[in-house]
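Below you will find one chain, with nothing else, as structure tokens; this is the form predicted alone, and questions on how it binds or moves follow later.
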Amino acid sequence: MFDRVEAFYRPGTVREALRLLQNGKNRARVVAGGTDLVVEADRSIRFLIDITHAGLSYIRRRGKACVIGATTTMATLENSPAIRALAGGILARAAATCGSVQIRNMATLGGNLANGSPAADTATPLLALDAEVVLADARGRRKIPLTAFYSGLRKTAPGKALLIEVVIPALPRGGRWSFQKLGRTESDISLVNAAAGLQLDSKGRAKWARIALGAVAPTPIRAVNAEKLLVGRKVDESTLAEVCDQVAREVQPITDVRASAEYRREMCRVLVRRALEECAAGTGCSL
């Protein structure tokens, strides 16, 4: 594909990047780590816009929220004390599974989300954390829920918008969190991944629950019906079986070269159960 690229730009600001993207007229591609771009080998691309010098690599506190710049690498997330301390470290754990060490040193959080892959390993913990994304375009900046960022298979927010940061709002107190991934190898793309959050009351009943899954639908998803089924109920073997059955009904897996739809559906049950059991164990509840 690179033999067809006519120009490579490295803007120093978001505004300049947006201007270049607009001028590219659908033939420009924003890059940071470039790990997905190389694999796609899209020969329609004529202009590359490298945003790694646009000031978007950071992890900050903004009020009670955690804000992460779009070009922050997986390696940075994996090793950041702040991210490892956030929600039981589920985002750091997810980042640590995103390919080899070499890939994690290059791949970025924004790229992992903007690529629109339903198997993106950081998308599921971010969905469970109720994350939002900040988009910039010619009209200014706007913040939308991550759930609204995905519109279909490898389709994200429309228009000439640039994802510039991810915002994780203040988390409810007392929650426990878990990230689970199944791949053919430790560093391979997910066959299924799952993230969960859970808080129990003094009687072992779920006060709130969050369940997100990847690689089992056209986009990463929240299993909202399974969450509703769990809330208010005692977390025991019978409840977990019902919740996992509901998860299996909510997903829409496909058969491909990596796994069959039937296998993925069954692994949804397994991974969600593991995640919820880990969350429950963190509160001292034994199943």
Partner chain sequence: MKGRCLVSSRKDPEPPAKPKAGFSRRGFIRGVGLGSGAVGTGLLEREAVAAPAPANVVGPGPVPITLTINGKPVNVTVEPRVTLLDAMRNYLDLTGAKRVCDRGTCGACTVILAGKTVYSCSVLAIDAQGKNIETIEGLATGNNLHPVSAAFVNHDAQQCGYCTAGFVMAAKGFIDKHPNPTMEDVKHGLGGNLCRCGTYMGIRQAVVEAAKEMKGGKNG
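Residue numbers count along the first chain shown, from 1. Fair warning: this is a prediction, and the values are worked out from it, not measured in the lab.
Not pictured, yet referred to below: the form predicted in complex with its partner chain.
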item: Which of 129-137, 96-104, 114-122, 164-172 sits within 4.5 Å of its partner chain in the model of the complex, heavy atom basis; value: 96-104
item: Heavy atom of Ile221 within 4.5 Å of its partner chain in the model of the complex; value: no
item: 4.5 Å heavy atom contact, Glu250 and its partner chain in the model of the complex; value: no
item: Residue contact check: Glu266 to its partner chain in the model of the complex, 4.5 Å heavy atom; value: no
item: 4.5 Å heavy atom contact, Gly33 and its partner chain in the model of the complex; value: yes
item: Output flag, Asp201, Gly204 and Ala281 jointly within 4.5 Å of its partner chain in the model of the complex, heavy atom basis; value: no
item: Single option in Arg27, Lys228, Arg60, Arg233 placed near its partner chain in the model of the complex, where near means a heavy atom within 4.5 Å; value: Arg27
item: Residues within 4.5 Å of its partner chain in the model of the complex, restricted to 3-38 and counted by heavy atom; value: Asp3, Val5, Glu6, Ala7, Phe8, Tyr9, Arg10, Pro11, Gly12, Glu16, Arg19, Leu20, Asn23, Gly24, Lys25, Arg27, Ala28, Gly33, Val38
